[in-house]
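In the form predicted on its own, a lone chain appears below as structure tokens.
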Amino acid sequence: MTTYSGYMGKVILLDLNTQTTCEYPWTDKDRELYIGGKGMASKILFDNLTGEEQAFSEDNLIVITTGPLTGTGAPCSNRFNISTLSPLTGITTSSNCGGNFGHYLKKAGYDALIIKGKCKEHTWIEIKNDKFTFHECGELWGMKVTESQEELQRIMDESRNCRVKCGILSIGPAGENLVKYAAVISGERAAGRAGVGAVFGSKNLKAIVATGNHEVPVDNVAMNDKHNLKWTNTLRKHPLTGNQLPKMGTAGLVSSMQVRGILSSRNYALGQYDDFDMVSGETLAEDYNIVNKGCMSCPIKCARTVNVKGHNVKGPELETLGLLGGGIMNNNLEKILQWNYELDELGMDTISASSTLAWAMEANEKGLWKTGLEFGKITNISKTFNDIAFRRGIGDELAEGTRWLSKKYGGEEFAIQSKGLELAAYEPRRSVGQGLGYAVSNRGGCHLNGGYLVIVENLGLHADPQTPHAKADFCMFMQDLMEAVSLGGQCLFTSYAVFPGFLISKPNGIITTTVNKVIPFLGPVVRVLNKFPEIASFHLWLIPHTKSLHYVTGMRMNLGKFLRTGERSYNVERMTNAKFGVSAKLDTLPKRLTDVPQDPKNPKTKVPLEKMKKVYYEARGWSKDGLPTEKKLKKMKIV
């Protein structure tokens, strides 16, 4: 149990081999150091993995974690995390999800599940308070995502003769057939990246359903309610979280990325797409969006609802629009809506699926692997996605991802991945700090785990996107900040408000212009804060998360401690990956991004990765090999 509020006080170790459970020790000291979410999961993996495990081995663990703010009414606090060894990258991965499963896992009385072993038969698991029930799947195995979730809800309702409020996690055919980038789905939201769904499938685990009647305790209810109201109003007034995201969602970034030359097109050969307006957020909003939706407890409501084949379903995010639009030279938005729905139903990550498709198109064009896949040809895309999910024909190899394919057929220079994980839609040759983030990201080519520096360089502020100056220090700061935000169980969009609204709404104002010019010279200042976050022993109004954690848990919290917690989480994940061979040698990008200028007339339009990496390792207090030193680990209280 725990003396802190916000937690349920139980972490359960679930053994699929024996169908038994026991409590996993997790102390208040652990809660203070790692808070929850991904940091908690990374520490559990660090303590239990040796480096000998493989993604599909029985001794691989799946760790599902919530945050202390989940279920407390804090804005956008419905996130939960799934961490495991990735079949796509061979190292640990964390996949964050906005579905309702985390909320109901806490309602069942648990902060986290640790799953080991393998079910003897295809199985789904029911959790109701302190009771775990293992059910044979029967016809559930083989169902697509929505059908399986509807059937599980029907079974739960029928067994209790009433409508049961519950959270459902399930995989689709892609996970069952071990597609290396299969997702786990909760409602309409995906824990999408790096193949967590395939790990579920390898363990014969189709779904988990959680329900219960526990309430999440809050230490200071009155102050927490007052703080949440003020915070929600701030988010609704901010130009990003109160205007851009509610109006167009992440899809609204397509046009801005086009203007800035960071819209990945033709498998990242280009940074702009001539027909971008046909697949833009504006077109989606005007012609196809039915209503805006948000995750549970979300005031931003960035999700789109569109109609596909008579079904009102979740619309595509920016990455899907970009990668299935200009990424494969397709201007048919209706097809993107259809493919997005099909990929969700199959249980497959749209980013990796799209990038793998684009790689195959270029490989076909160059004569490396003749598949019939061509840029601009869209008649065979739906069939190809289905073939991937069921591993039929060329789909069997496409299911392995771009790194595997390029090693077999060649074309590694245009396999747009890092550590095996395909990059998001932000082309980094005109946003070099984002390029650094992709390369050093713990889980591979992730824009969020990489620190999302593109918001400083191009999409919020406009600090010189080509200069490497200060980018390493800002990259570390943004990574640690976003890491800390996720530990509490909140959406990273809440961190957008760290930028004062006037800097966004008045991009040509004197103050904004000055800030943009000064940022490349602020590296030493940011370095001091990164190295000594304890000096920030206060709450900052731009980062309300610290007060929220204090009011909910009763834990002493301030900005410095918050940032240090994010840093600790990032370092422990790095050390877990070091057991599986991660070092500076794997912090790479494909040569297309580091050696080939996007603009042949401007040699600066490529990512000066090695120069920035060196500074980044120094900023983090890591060795030249890109690993935390013993001194660093002790300072972080990791060992």
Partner chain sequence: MPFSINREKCIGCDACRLTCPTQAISGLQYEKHVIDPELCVSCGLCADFCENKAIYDNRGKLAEFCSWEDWGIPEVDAEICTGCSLCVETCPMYVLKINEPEFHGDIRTHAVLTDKDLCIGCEKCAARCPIHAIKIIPRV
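Computed from a prediction, not measured in an experiment: that's the story for all the values here. Numbering follows the first chain given and starts at 1.
What comes next is about the form predicted in complex with its partner chain, which does not appear here.
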From the candidate stretches 519 to 527, 186 to 194, 329 to 337, 161 to 169, select the single one in contact with its partner chain in the predicted complex, where contact means a heavy atom within 4.5 Å. 161 to 169
Does its partner chain come within 4.5 Å of any heavy atom of R236 in the predicted complex? yes
Residue contact check: H447 to its partner chain in the predicted complex, 4.5 Å heavy atom: no
Would T514 show up as a contact with its partner chain in the predicted complex if we use heavy atoms at 4.5 Å? no
Considering only heavy atoms, tell me if E151 and its partner chain come within 4.5 Å of each other in the predicted complex. no
Only one of T146, T371, N177, T211 gets a heavy atom within 4.5 Å of its partner chain in the predicted complex. Which one? T211
Considering N204, N558, N100, S495, which brings a non-hydrogen atom within 4.5 Å of its partner chain in the predicted complex? N100
Within 402 to 434, which residues have a heavy atom closer than or equal to 4.5 Å from its partner chain in the predicted complex? none
